[in-house]
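First, one chain by itself in structure tokens, the form predicted on its own.
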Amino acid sequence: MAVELYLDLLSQPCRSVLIFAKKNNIPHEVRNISLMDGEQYGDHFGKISLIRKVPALRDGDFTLTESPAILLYLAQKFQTPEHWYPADLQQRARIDEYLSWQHCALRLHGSKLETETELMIPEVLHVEVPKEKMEAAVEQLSGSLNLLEEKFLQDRPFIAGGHISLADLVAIVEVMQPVACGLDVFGGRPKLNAWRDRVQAAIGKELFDEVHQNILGSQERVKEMDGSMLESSKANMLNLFM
């Protein structure tokens, strides 16, 4: 039986889940949830996820939220190739370490520079972002990228060793998010650039491009958005990012 995946591909974690499902031929059906249209607050989705965030998974009567948990569930239920989450204790610990770290580091700092800050606030909410805020956000992201290179990659091809793992998949979608607002995160970072190429090759360029096409076109789409749709959440967004 196919699992149901509730996704919005503007979301980094949703992209990692979809890439994993497609790459491993996991039977699945995508249920699109438009965050911009507030569909996460609908009655139907509320029965799937009380926290009203994507991604979410439904497998029969079983529901699950949080992308790392979903990825681990899919990997183990469908017995995907071991390199995604190896049996070796130390390799597995490297993956767990990265998944535990990234929420309050690369994910947090990258989000400040992508659609919510570089695009959403100035282009849709029409609020000027102070220069010092942008400079601080760039510096914080740079610090997280430094740690990705120096601590998590070091001299290894991938985070857990010689093969792509769940950690690389979760990392690449976060690194690609600031690219959507025109930030060259790979410039002057040959190690990060080479890692990106290896991850893309391991995933497959066609699948990689397919899943990222929406976010990479977001600069043009946000210019056409009606900011009134976000009026109810405007205060919260400004408090979070400003």
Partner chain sequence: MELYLDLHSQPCRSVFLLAKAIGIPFEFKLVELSAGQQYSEEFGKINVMRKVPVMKDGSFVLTESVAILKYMLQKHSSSLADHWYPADLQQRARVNEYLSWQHMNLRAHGSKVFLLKAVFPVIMGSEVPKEKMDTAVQDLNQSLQMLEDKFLQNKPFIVGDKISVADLVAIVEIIQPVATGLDVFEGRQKLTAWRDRVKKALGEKLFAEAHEVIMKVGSLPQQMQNNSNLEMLKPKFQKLFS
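All values reported here derive from a predicted model rather than from experimental measurement. Numbering follows the first chain given and starts at 1.
There is another form of the same protein, the form predicted together with the partner chain; it is not shown, and what comes next is about it.
A single residue from the set 69, 201, 194, 216 has any heavy atom within 4.5 angstroms of the partner chain in the model of the complex; that residue is 69. For the candidate spot formed by 65, 103 and 147, every residue has a non-hydrogen atom within 4.5 angstroms of the partner chain in the model of the complex. Although the partner is absent here, residue 77 is a contact residue: one of its heavy atoms lies within 4.5 angstroms of the partner chain in the model of the complex.
The partner chain is not shown here, but in the model of the complex it comes within 4.5 Å of a heavy atom of residue 92.
Within this chain, residue 153 is remote from the site of the partner chain in the model of the complex, having no heavy atom within 4.5 Å. Among residues of the shown chain, residue 108 is one whose heavy atoms approach the partner chain to within 4.5 Å in the model of the complex. Considering the partner chain in the model of the complex, the lone stretch of 201-209, 29-37, 171-179, 50-58 in range is 50-58 [heavy atom distance within 4.5 Å].
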